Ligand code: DHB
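One chain is shown next in structure tokens, namely the form predicted on its own.
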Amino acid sequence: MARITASVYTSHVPAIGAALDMDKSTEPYWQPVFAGYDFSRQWMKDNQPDVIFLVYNDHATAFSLDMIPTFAIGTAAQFIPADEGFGPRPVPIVIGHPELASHIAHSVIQQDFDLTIVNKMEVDHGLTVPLSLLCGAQDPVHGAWPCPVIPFAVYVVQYPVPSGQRCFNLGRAIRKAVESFDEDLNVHIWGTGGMSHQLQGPRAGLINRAWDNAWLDQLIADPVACAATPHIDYVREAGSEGVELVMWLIARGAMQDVADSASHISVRHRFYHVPASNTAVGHLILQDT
């Protein structure tokens, strides 16, 4: 059967992608950010999955206020990088895994989660920046990402947004779906977005280092309690865009130690840095032991 063996968590700040694309990663401002992913790039090479299930939020490229799916799974064979106003990022086309994606959609819907099935979709920095951080720069024409990717978009741009508890439970359903797929695949699940940041209003530029790190501690050690964090806490403590962290709970809910209390995970890497374009950058790798 297929299995989820690791989860990756990372911010997906658009300026990080721009810094990579404009060869600024070694500049003094950006070098500490990218150094925090040195271990992760090597870990990816040493633990390459067959498929990445990547949870992110679309930033008004594939979806808009005309159509707002809470949860949307990409089932296409490929996904083109979107033009977000400055042209598409110079990265390879994202190759999908239609068979596994369709199976997950069927299984999760049968577990009473409503998913929007998307057979054609462009993907923005929410998905491509994490791939660049973990997989390194890739030639847009001759290069390729190391494995197929299933995009899973969560709507957290404007309320109503799903609760952390619902996202956590959805992660559990996704694990069950993957394990019922009749092919031997090693799957990694990624939760992206966050951490504390606010992009507008009187609190624009808010970063809460103490709250971010306490939340990471709880995500690792007590994910059930972390999933119970109410929306108002995210907004108050982590800023209006801090609610993106509920997407990390999908990945955390899919780990084996949640399904089986006798199982254990190891923290392979943890990184936190401020600031990066007025946001906090958080990163974590958890792996089954």
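Each residue number is its position in the shown sequence, starting from 1. These figures come from a predicted structure and were not determined experimentally.
Beyond what is shown, the protein has a form predicted in complex with this ligand; the following relates to that form.
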| item | value |
| --- | --- |
| Proximity of His125 to this ligand in the model of the complex, heavy atoms at 4.5 Å | yes |
| is_contact(His231, this ligand) in the model of the complex, heavy atom dist at most 4.5 Å | no |
| Leu199 within 4.5 Å of this ligand in the model of the complex, heavy atoms | yes |
| This ligand contact at Val13 in the model of the complex, heavy atom, 4.5 Å | yes |
| Partner contacts in the model of the complex for 252-289 (non-hydrogen atom within 4.5 angstroms of this ligand) | Ser277, Asn278, Thr279 |
